[in-house]
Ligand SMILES: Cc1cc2nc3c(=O)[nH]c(=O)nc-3n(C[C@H](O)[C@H](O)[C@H](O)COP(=O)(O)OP(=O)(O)OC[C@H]3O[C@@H](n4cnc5c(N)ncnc54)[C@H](O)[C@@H]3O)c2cc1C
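In the block that follows, a single chain appears as structure tokens, in the form predicted on its own.
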């Protein structure tokens, strides 16, 4: 009799963690056939995508091959994009993989005994006209690399002896953590370019950060953090526009609600959050207006006990009646719980563990300039940290991710390689 098959769809921080643990605990021992599905070939930690977009992070070094990782950790990898779930036949349907007009892999079906949906979230354009056509997004590694190529083309104009006075105009819509960190990384990129034959100056890049709500970092409840980040961004020469939403995006122009127009050589959309559109009513599962799959506290979907969902793509009820927020720490914590619940199911026990969110805090890293945030927020509001302690804590989150994904020995070696690469390679990836 073949072992039960557990399919994990989505190789982000939550999904790769689930596949890794299930592979180590069950796959290696032949107790389950664990399959990870993702549209990409390699994993890059999503909080680092803004660094990849400016070239300060080299995905050639940081990206982890799913196939190589699967071979070592006892699971299998299938590249593909989820298009539907057939609950009756218990299989997921994947779209064909194309290279232009050439079909590399046909549409496929992968059967499952248990399914974990971990496809994360994407930015929400709220149906605003022109956004999809005229703005760039930062949801995937490929999108980050597209932004990097676009920036590189703009910067190339300054690789000459004479100094250009014209500015590269960048508009970033959404002043949450992603938007603020992206703005700071762009400011840092200009500073770094001076050492690579570019005749640049601090004012060559005009960056405007737009936020529809009354303040930046609207999900950060401590005013001192918002004020600290806003002050640092202004010191970098970044213009902040709050209280004005975008009503339309046109080629080279962003139009705000008050009628003002922002010229944009590059417009980046980092506002809002929703689950991918493919999840809307997928397989007859209950979903919210933002496409999140409704789950019980143990992460089983409300319509099917064989299907679990974790992280940003699910709506998980909390004891106070709220839903777990779309945060990276939620995906990680829920992933740990789901692994234990699945092991219990396969061993004949009920999946009784339930997820209760504890806010461990959040940090905003403004490139090399400043890091600030809140730790242990569940303890009476938490502790505000900034400077070196905040930066050390921020980098420790990625180190923990490496250790969880690679294991102690390989993870430690990866950290050493990463430190060495920062010393050996250029500070910006310019090719």
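Numbering follows the first chain given and starts at 1. Small disclaimer: the values here were computed from a predicted structure and weren't measured.
The protein also exists as the form predicted together with the ligand; that form is not presented, and the subsequent description refers to it.
- For residue 327, a non-hydrogen atom is located within 4.5 Å of the ligand in the predicted complex, even though that partner is not displayed.
- Residue contact with the ligand in the predicted complex: residue 394 places a heavy atom within 4.5 Å of it.
- Heavy atoms of residue 382 never reach within 4.5 Å of the ligand in the predicted complex, leaving it off the interface.
- Among residues of the shown chain, residue 82 is one whose heavy atoms approach the ligand to within 4.5 Å in the predicted complex.
- Partner contact region in the predicted complex: 38 to 46, out of 25 to 33, 385 to 393, 371 to 379, 38 to 46, criterion any non-hydrogen atom within 4.5 Å of the ligand.
- In summary, among the residues 119, 293, 183, 210, the only one with a non-hydrogen atom within 4.5 Å of the ligand in the predicted complex is 119.
- Only one of 188, 148, 178, 232 comes within 4.5 Å of the ligand in the predicted complex through a heavy atom, and that residue is 178.
- The partner is not shown here, but in the predicted complex the stretch 6 to 20 reaches within 4.5 angstroms of the ligand through a heavy atom at 9, 10, 11, 12, 13, 14, 15.
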